[in-house]
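Below you will find one chain, with nothing else, as C-alpha cells; this is the form predicted on its own, and questions on how it binds or moves follow later.
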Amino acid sequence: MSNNSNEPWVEKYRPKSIKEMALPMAKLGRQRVNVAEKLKEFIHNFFEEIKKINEKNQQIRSFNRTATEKQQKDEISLPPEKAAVLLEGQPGIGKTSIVYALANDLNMEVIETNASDTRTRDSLEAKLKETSKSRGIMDFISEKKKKLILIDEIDGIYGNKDRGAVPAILDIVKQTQFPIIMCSNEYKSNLQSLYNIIPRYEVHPLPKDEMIKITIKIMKNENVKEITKEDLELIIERNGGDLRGVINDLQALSKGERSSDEERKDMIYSFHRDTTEEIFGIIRDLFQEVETLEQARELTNKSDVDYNFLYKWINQNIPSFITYKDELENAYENLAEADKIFGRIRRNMEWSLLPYFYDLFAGGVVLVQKKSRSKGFRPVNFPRYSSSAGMSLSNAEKSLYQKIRQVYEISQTEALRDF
C-alpha cells in the first residue's frame, strides 16, 4: 500500500518553513490574528528592546561600581508582555510546528523544555541551564545564531508537587535574554498569574478541507492509492481537529495490504473506540504512568486494542522508553517469557493462559523501569512488521533468517514473529 519506511509521517512531513504550513486560525483576545506574523513581530521587537536594556544596564553597572550605597541604581528588565507569549490550543494542531518552522525561517536555534517533565523550580531552572549551557547561552549576544526558548505543555504544571514551578517561570520571563514561547493544551486556573502578564493566543484546529489537502498530498508522496476521500473524512472526524492524530492514523491504515471499504472503515473505528486510549497514548501511559501490575492490567483490559497488535507496539518501543542496559535485559527477558506463553496458547489453544501473557508483555516489561522512567516526551514508533504489512530486514536479521531456514521451512514473517 505504501513504502516500508518506518519514519513517523508526522516527523517526515513536519513543515520546515512557515511558507509550507497551512496556518491555523488564532485569536488574541477577541481579535483574529495571523499567529506567524505576530510571533515574528514579537521576536523582532524582543531583540531590539533587549539590546537597548542591556546597554542601559551596562551603564548602570558601570555607574554603580563607583557610586555610594545610597547612589546605587537598580537594573531594569524587559516587561513580561514583551518577553514571552503563550500559544493555547488542543494537542496536535501545530503549535510547536509553528515555533520550529518560524525559528528555521529566522535562522534561530530552539531551546526546548517540557514543563510537565520539569515541574519544580529547581528542576525547571536546571533543565533550562543544562539545555542551553552546551551552546554558550551566556554568550548569546556575540553569537550569530540567535536563540528561542520553547516551554511546552505549560498546563502540565499542577498540584502541590509543582509548587514553585510557576513562580520560576515568571522569574525566567523577567530575567530572560531570549524570547520565550510557551505552549499549552488547555486553560488552567492555576496559571492565572501567567495569563495576567503575557499575551495568550488561542489557536484553533485547521478546517476539514485544509486537512484533506494535507493528507492527499502525503498519500501522493507515499504512493498510497487504496485509501479513499471517504476514509480521510472519517479519520478527520474521529480525530476531532488533531492533525497529528490524523496523520498517525493515515500511516497506520496505509500499513495494511489491499482491503475492502468496510475493512478500512472498521480499522479506522478501531483506532478510536476510545479516543483517550488510542495506541500512542496507551504506549506512553504504560511506560510512563503505570506503577503497579494492577494498573497495567487495568489499562490493557480497557484499551480495546488487539493483544497481538499491542504486543508488537510494546516490543518496538522498549528502547524508546527504557535506556539502561540492565533494565533493557530484564524487559526483553519478560517479553521472551511472554512469547513462550503465547506459543503455548497458539499451539494448544490454551486461552486461559492469556492473562499471564498480558501480565508479562505489559506489566512485566514496563515495571522493570527504575532508573529509566521519565515523564518527558519519548517518540512512539510504529512496529516494523505486522501480520498484514511488509517489512525490511537488516543484514544481521537476513543472516539469522538464513540460518533459521536451514532448520525450518518458514517465511520471513514467520521467522520474525516466532523467533
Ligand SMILES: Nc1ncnc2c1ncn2[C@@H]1O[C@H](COP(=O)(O)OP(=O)(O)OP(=O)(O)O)[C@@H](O)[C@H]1O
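Computed from a predicted model, the values in this text were never measured in an experiment. All residue numbers are counted from 1 along the displayed sequence.
Heads up, the form predicted in complex with this ligand isn't pictured, but that's what we're talking about next.
*Asks:* Name the single residue among Pro80, Gly281, Gly94, Pro199 that comes within 4.5 Å of this ligand in the predicted complex, judging by heavy atoms.
*Replies:* Selected option: Gly94.
*Asks:* Select from the listed residues Leu335, Ile341, Leu206, Leu310 the one whose heavy atoms reach within 4.5 Å of this ligand in the predicted complex.
*Replies:* Among Leu335, Ile341, Leu206, Leu310, a heavy atom within 4.5 Å of this ligand in the predicted complex occurs only for Leu206.
*Asks:* Is it the case that Asn114, Pro319 and Arg373 all touch this ligand in the predicted complex, with a non-hydrogen atom of each within 4.5 angstroms?
*Replies:* Not a single residue of the candidate spot has a heavy atom within 4.5 Å of this ligand in the predicted complex.
*Asks:* Which is the contacting stretch out of 169-177, 95-103, 320-328, 69-77, given heavy atoms within 4.5 Å of this ligand in the predicted complex?
*Replies:* Single hit among the candidates: 95-103.
*Asks:* Looking in the predicted complex, any heavy atom of Ile214 within 4.5 Å of this ligand?
*Replies:* Flag for Ile214 set to yes.
*Asks:* Is it the case that Thr300, even though its partner is missing from this view, gets within 4.5 Å of this ligand in the predicted complex, heavy atoms only?
*Replies:* Result no; Thr300 lies far from this ligand in the predicted complex.
*Asks:* Closest heavy atom of Asp152 to this ligand in the predicted complex, within 4.5 Å or not?
*Replies:* Residue-level check for Asp152: yes, a contact with this ligand.
*Asks:* Does any part of Lys146 reach within 4.5 Å of this ligand in the predicted complex? Heavy atoms only, please.
*Replies:* Close contact is absent here: in the predicted complex, Lys146 is far from this ligand, nothing within 4.5 Å, heavy atoms only.
*Asks:* Determine the residues of 225-253 with a heavy atom within 4.5 Å of this ligand in the predicted complex and present them in sequence order; the list may be empty.
*Replies:* Leu243, Arg244, Ile247 sit within 4.5 Å of the partner.
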